[in-house]
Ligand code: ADP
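Shown here is one chain on its own, the form predicted on its own, set out as structure tokens.
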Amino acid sequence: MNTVQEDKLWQTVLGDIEISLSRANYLTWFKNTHLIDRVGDHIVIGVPNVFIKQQLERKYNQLILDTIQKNGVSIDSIDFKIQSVSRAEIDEKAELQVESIATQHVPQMLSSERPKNASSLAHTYRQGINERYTFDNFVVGSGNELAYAACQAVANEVGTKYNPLFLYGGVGIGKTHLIQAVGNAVVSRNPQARVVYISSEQFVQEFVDALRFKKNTDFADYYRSADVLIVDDVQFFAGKEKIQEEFFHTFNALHQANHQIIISSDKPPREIPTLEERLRSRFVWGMSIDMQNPDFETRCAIIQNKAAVKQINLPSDVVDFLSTQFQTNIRELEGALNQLLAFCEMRGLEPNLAIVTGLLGGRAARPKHLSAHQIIERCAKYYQIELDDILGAKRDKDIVVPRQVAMYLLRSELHLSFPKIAHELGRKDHTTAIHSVDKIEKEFNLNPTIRAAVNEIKEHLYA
């Protein structure tokens, strides 16, 4: 396989992987990789450092293997080799020398100014704010309008309005877009502002580097000199005591100086396990906002906006189909739209309902044979209790709530009668089922913890 073929194959593989992962994970672990060589059924992937090498070997090896095979290349094994710069960068000679990249370019610092010692921490996996994420191209709906308004307020009054700002919600609903839109808005108003965007995984890796190479001071100075610090997916700090301690001091230093802190998570602060109480209390100092799944109209608007960017006018029945099929994850919705548009472009076709149904009809459809037992089992697993407990007679709160959620899902997803629901949960009186379903329906609208639990259980059921 020649160099051009290698690059083309790997870019195709990366495109598929980007759709299947969160943007933070993709940028952290895959963006600076490249295909070095292929010999028979074995390939060698170039990576920038040992941390990415270890992560790809442990967590993403099978994903890479499956994606390559899906693109028609028969591969049985993968090796990862540390290379500090990709072949494409060397061939094009359009970038600075490797040494200059490492010491002079810090992508997150969207400013001509930066701390003098930032160079020692300019890791190759550090990524900056994506310029595509702006307020102008963010579609506002009932599930995110409060978060949108708060982010705009923060961008207008940095450090004084809602500090910290904490956004939480499920996967793929626009948290990363909004928090990066704040950074882009701040820089557009003040090009000298120091805006630092970091995923929690990147923060952890840089902290490990700082300990390893005795650069603790450089690490602290880099983050504590930011005018705006944006941390994505902070739930990954859970269980990491040293990381939490470092972030606690960074948080205090920035907050004391009236510098803005913006945080995202998939859970509210009180629901993040093993998070230190002192951090949990600080996360709610400013404003915490629950971002909910987009409603049907919002999903339709997102699809139409994305298609308009590509100068394509989608028929309304195609928009409706996509919006119905992908209800909880905007990232999956965008991926499906991109797949449809690419399919039509390669074949010179106009998108229509027949094409999108044939291409995506089975991809996101819910299984037809979901059983009551599967729902009850998934509820027990989510709440980390035994199946026998949820079916038993115990009335402890940590068992009653999962049981009520299970009854609610049996009603909403399988449309079982109340007597049947009571029977499935080992209850003799069906009025218990009526009470439970009614209670969870009310809690779903008022209690973000219950809403998050129900949505996550449903995502696993229909994954």
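Computed from a predicted structure; not experimentally measured. Heads up: residue numbers just count along the shown sequence, starting at 1.
As for the form predicted in complex with ligand ADP, it is not shown, yet the points below apply to it.
Contact with ligand ADP in the predicted complex, judged by any heavy atom within 4.5 Å, is made by just one of 164, 269, 174, 351: 174. The contact residue chosen from 150, 302, 314, 337 relative to ligand ADP in the predicted complex is 302, the criterion being a non-hydrogen atom within 4.5 angstroms. Heavy atoms of residue 181 never reach within 4.5 Å of ligand ADP in the predicted complex, leaving it off the interface. At the 4.5 Å threshold, heavy atoms of residue 137 reach ligand ADP in the predicted complex. When ligand ADP is considered in the predicted complex, residue 378 lies well away from it, no heavy atom lying within 4.5 Å. Looking at residue 331, you'd find a heavy atom of it within 4.5 angstroms of ligand ADP in the predicted complex. The stretch that touches ligand ADP in the predicted complex, counting heavy atoms within 4.5 Å, is 166 to 174, out of 234 to 242, 211 to 219, 166 to 174, 188 to 196. Shown here without ligand ADP, the chain has no residue in 221 to 255 lying with a heavy atom within 4.5 Å of that partner in the predicted complex. An increase of at least 3 Å in the separation of the C-alpha atoms of residue 212 and residue 31 is found in the predicted complex, compared with the displayed form.
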